[in-house]
Structures are given as C-alpha cells and as structure tokens.
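What follows is a single chain, given as structure tokens, in the form predicted alone.
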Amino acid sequence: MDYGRIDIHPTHTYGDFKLRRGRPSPFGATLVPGGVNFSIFSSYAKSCILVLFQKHAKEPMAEIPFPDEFRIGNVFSMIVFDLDYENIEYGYRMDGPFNPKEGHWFDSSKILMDPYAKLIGGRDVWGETPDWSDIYHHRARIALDDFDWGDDRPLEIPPEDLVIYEMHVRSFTKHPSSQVKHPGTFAGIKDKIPYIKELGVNAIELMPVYEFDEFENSRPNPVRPGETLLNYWGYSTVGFFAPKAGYAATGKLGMQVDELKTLVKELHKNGMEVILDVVFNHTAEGNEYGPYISFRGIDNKTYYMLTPDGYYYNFSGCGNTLNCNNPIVRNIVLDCLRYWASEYHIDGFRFDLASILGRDPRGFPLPNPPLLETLAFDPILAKCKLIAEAWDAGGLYQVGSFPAFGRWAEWNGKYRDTARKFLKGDASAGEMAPRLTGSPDLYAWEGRGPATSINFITAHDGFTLMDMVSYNYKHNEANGENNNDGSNDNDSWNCGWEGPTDDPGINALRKRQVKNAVAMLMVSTGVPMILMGDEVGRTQYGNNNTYCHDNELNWQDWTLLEKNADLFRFFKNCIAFRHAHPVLRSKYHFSNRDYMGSGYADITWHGTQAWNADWSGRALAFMLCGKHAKAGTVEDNYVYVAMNMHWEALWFGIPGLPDGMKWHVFANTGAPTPDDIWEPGFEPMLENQSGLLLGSRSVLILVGK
C-alpha cells in the first residue's frame, strides 16, 4: 500500500471542494499533502462550519459544514484539497446553545477566528481605521514555514548574566528623530541594534507583540483635538500565535512573521536574547458587553472563568479572565509558548499578571498550579526564561511566594519599592541590604537563587526614571480619566520642584539621582532590568500610565541622546562594569563567610565606618571579595560600594585590601561629569586609600586590584 498517497485522496465533496476526514491534531490550519488540515476544538458546539474568504474579500467565497463523521470527540477536523492557501482567509461558525447563565454564548451568525491562527490579517497597517461594517475583523491566514534560520538558535545566556532592556516595539523608533527607514516596526528595531549593543544590554524584553486591536476602547484625545486614544501598549490579546501585523513594515504584505524572525535572528547575532511579554490572563473579548472574536463563540464556558450566574470573573481588571487551569486552556498556553520558542527562537517569556495563572476556575489560588508546573517542566521550554509578574488585579500578591517549581523568576516589586524609598531617604540601610543581595529573605528559604529576582526600579507601568525624580504626583490628565487612573503610590520625589525647571541645582540633583538608581541596580545581585529611554532621561511629563498614547508621551526622543550624553555614558559604563565583574553576578546567595581562605567573607557590610554598618541610617556600604566570584569558580577584583542617601556629605572609612592591592575609583555620582564614571579597566587610583568624603545623595563604586 502506498501510504504517501492516502492524504491526497479525497473521500467527500461539497460543491466544488474535495474533502477528507482531517487529523484532530495539531489544532489550527496545517499544510498537508494536497491541501490544508483544519482542526478546532469545542466542548459544547453542535456543529461547525468552515468559512473561507479570498484574501481581503468582504464576503465569504465558501462555507463548508464539517460532516458529522469528521468530528472526533470534541474536535472538528477536515482536510480541504486544492486550496490556494497563500490567498485565503478562514474562520468558523459554531452552532450551540445561547444561554449566558449557563456560560454558553454560541451565535452561528458570528464568524470566529481560529485561536491557533499563526497569521492574522484584517488589521495589516497600524492605526488604519477599521471598516466597522466588516463581518470578520481579525482574519486567520495560513503561515508558511520557510524562513531560513541558518545556524541560529536561542542563546541560553545564564540568567544571572543578563541585563534586560524593556521596550515597546512602536515607541522605540516611531519618533521622527529615530531616523530609521521604517519607524515603529520590527525593522526599525533592527536598524537600532548598534545603539542597543553600544548600551551593553544582552536581552530585549518586548512589550506585547501578539496580535491585538489598537482600536479597542479607542476614543478622542481630550487634550489633543483630532488625535485618538488607542489601546497602545497591547495588553489585550486577539491571537496568541500571531505577531502583530501593524508592528511590521511588511504587514500590509502579510510578511510580519518573517520580519519578526529576522529581528530575532539579528539580535541573536549581536549577542542579545529576546524575551516576550505575554498576556494569558485575559483576552480582547472583554466582559458581557465585549465583541465576539474567537473564544466566546467557540467554547465560552471552557475558556473563561465564570461566576455561578454566568458572569465573567475579572481578576485581570480587563473584563474577563482566562480559565488557565482548565486542561484545554493549559494546552493552548503550552502549545503557544512551545510554538514561539521553537518557531521564533524566543529565549524567554515574561508573564503579565502571572498570579492569575495559579488560580482555579473559581479564582482561588492553587497550592500547586498545574499550568505553572507544566511550563516549568516542559522539555521544549526547558532553557527558556520564565518570568512572572507575581501579582494580579484581583489582589493576589505573590512576590517571594510565586509557585516556582525551581524555574520561575519574578519581577521583584519589593526591590522596586525599597530602592525608590532608599533613594528618597525614606528606607533604611537595613531595608535596602537584602534587596542589594538578591533578596535572600524572599527566595533563599525555598532554595531559589538570586537570579529569581528581576531587579528593576522602573518599568512601562509607572514613571520613567527621569519622571520619578521630577514629579511628586502623577499627571495623567491626557488619559481622559480625570487623573484617576495609574498608581498613586509611586515613591517618587521631584527634588524640589514639580516638573521641568531651569534651576540648575535641581536639574543636577535629578541627574545624580538617576545615576544613583542605575548604579544601585547594576551592583545588585539578581537580574537588572532597565526601561527603554531611561538611559537618556526619557520623560512622559509626569504621566505614569501612558497605555493609550501613540505620541511623544511614549515615543523615544532620540535627540535626548545628545542632550543627556552624560547619562547614556553613565549607563553604558555601569552595564559594562557589571559584565566585566563576575563577582556581581553570583548564581548563589552570599554566605557571609570566607569559604575561599581569602581572609574576607564573600560579602562584608560597612557604614560610614569600615566594618561597622548602621542598619537604621541612610548610609550603607558593602564589599565583595573577588576570590569568591561565582562561588569561587573564577577570580575577580574586589568591589566596594558606598551609598549616601543623606542630604549631607559623609566621610566613609574604606576597608583595607590584601597586600599589594589598591582601591580605584570606578564611579562617584557626586563628582561632576566626566569624573563621575570611568571605563572599566581604566579607573584612576583613589588618592586616600583609607577613606573619602562622599557627597550628599551619592553613590561610590570602587574596584580593588
């Protein structure tokens, strides 16, 4: 028997279409010999119709019912032969009960998008006003798998060696000053790789790139007439498997898959990993008043958490909550991440509101959430970074207690909060010390290493670093919500004046505080993450929730690179210093003892007097022994860091070094540029080896060699 011919032998016809019983697995549309295999799951649908369009056509070219005998279990599957698969779009009509109190929302008049669609059309160009009369807005297409990866593969950089740069695809190059050929796209980022490489980060974390609808909840901008407020950040997924077409210069040609893969490949070539910010806590279908896109009409009761009365639980703050620990939903999350890891060579994932992924169908936290465990032990994801935003909008806060299964890292919100307070002078040295050392109080008790802690002071959600030192209060009036949106608890300090000022003293203090922040971040054990543009003093003019703005509030202004060249230089050298010194990048928590026979413990704590820390004050110093770098497996220089968050200058006595070694000054934020920082390896020797006067609100970093 010639098994190779079985699949190209149709057994059924419908009109002019030749059909055959399909393969239930995998879900989605898959090319098979002679045709396309369509497979979709629904627990409660009574029947299913495949709807085919010519690409861009308003009306379907065919609607093909799945014969009853083509359904296996709860899966409808069918092969359609001789399709021009590069020029079709497809969807489904599902028929079943409409009874919202029971959780069923079937409506066969709706055309539903395949939740496994690898390519989505219909919104091919960013910001192009949709045709609201379109009967099928987000159109599933068939992606080709012909990209040439060459010898590319995920980089698998050890987590403790990462420096992460959080970025919004469009914001990074949309500003006219970016001078790229295709502003606001994946291609635009590719043009800026030399800049990112010069900065020195080795991981790019992209805010959501899954297909989303920027026109979701769009409305007139109350401050800028003629402008529209959009769902700009994209934390509202339409399709989990498809890159956003509007982020691709080639989106109008349907080439977004290849454009994103090209970006990943080029970043890898330049030594940078790619981490995706993924949103599995809710979808763009919203609550009871939201649109039908796919899940609601395919199997609402399975995909969403529902109250006993059929309403949507809302632990995401966005109207609905995906029922992540239902086995069907677990599988789609797993399939999705496996797809991105294997097909796009993605190096890691940051999970938005990840605590939702640990809730049961009624919303109660599970002690051993099966989804989190599955992802932790999956063989395809085994080398991927898994990073949780360990809280959700339902009040579940799990920083330090997120179910990790030995794999999950966390955005350390406690690092952010404590570092901000310490910078202001509101937190004590004793509160800051554990944050500088990988938060052992949060993680060591469970055997979790310092790289569990993703250390950050700013992120997309909240003030930029420059705004954090320029505003006491949020200024979100441009969002049109009466300044009620966004966090009120920012731990920011305007340094004496709210907003922009010509006062040179205040401006100098603000820059010093920015430098203090990045200096602390880069000497902290754990994984540092910086926000796009902080390295050049980007401002959002006091808006701490710019989720809806496609304008200068979000766009990176590249003229700041020249205006704040001293900041960029400071960031660049701090990052380079971290890369140069493995003693800063420990895989294990410090033991506070000398296990290498160097005469020094791996870490020692100091205050304004050497060997005498004052845990209640605003000044703190610590020394890392280079003999203990990477648990003693490599040898490094000694590093001493002193932080004076007092409003007065303080004299710091400095601990002595082994014979023959001298302290050298790498950074002193209290010194004027260019003496505030040096290139690693070119640090001048400290004049007085026993101590120095450190200016108010300043950070000193010495290297002993």
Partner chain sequence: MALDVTLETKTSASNVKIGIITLSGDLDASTAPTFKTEVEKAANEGAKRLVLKLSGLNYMASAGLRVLIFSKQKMGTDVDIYVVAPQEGVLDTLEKTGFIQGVILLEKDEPEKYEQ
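Numbering follows the first chain given and starts at 1. Keep in mind that what you see is a predicted model, and the values were worked out from it rather than measured.
Note that the form predicted together with its partner chain isn't included here; everything after this is about it.
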| query | finding |
| --- | --- |
| Stretch from 398-406, 574-582, 81-89, 351-359 whose residues place a heavy atom within 4.5 Å of its partner chain in the model of the complex | 81-89 |
| Contact residue in the model of the complex, from Y339, F147, F215, Y292 (heavy atom within 4.5 Å of its partner chain) | F147 |
| In the model of the complex, the residue from K587, H460, K110, K190 that sits within 4.5 Å of its partner chain by heavy atoms | K190 |
| Non-hydrogen atom contact K101 with its partner chain in the model of the complex at 4.5 angstroms | no |
| Its partner chain contact in the model of the complex: K269, any heavy atom under 4.5 Å | yes |
| Exercise: A631 in contact with its partner chain in the model of the complex, heavy atom 4.5 Å | no |
| Heavy atom of V125 within 4.5 Å of its partner chain in the model of the complex | no |
| Within 4.5 Å of its partner chain in the model of the complex: residues from 254-282 (heavy atom criterion) | M255, D258, E259, T262, K265, E266, K269 |
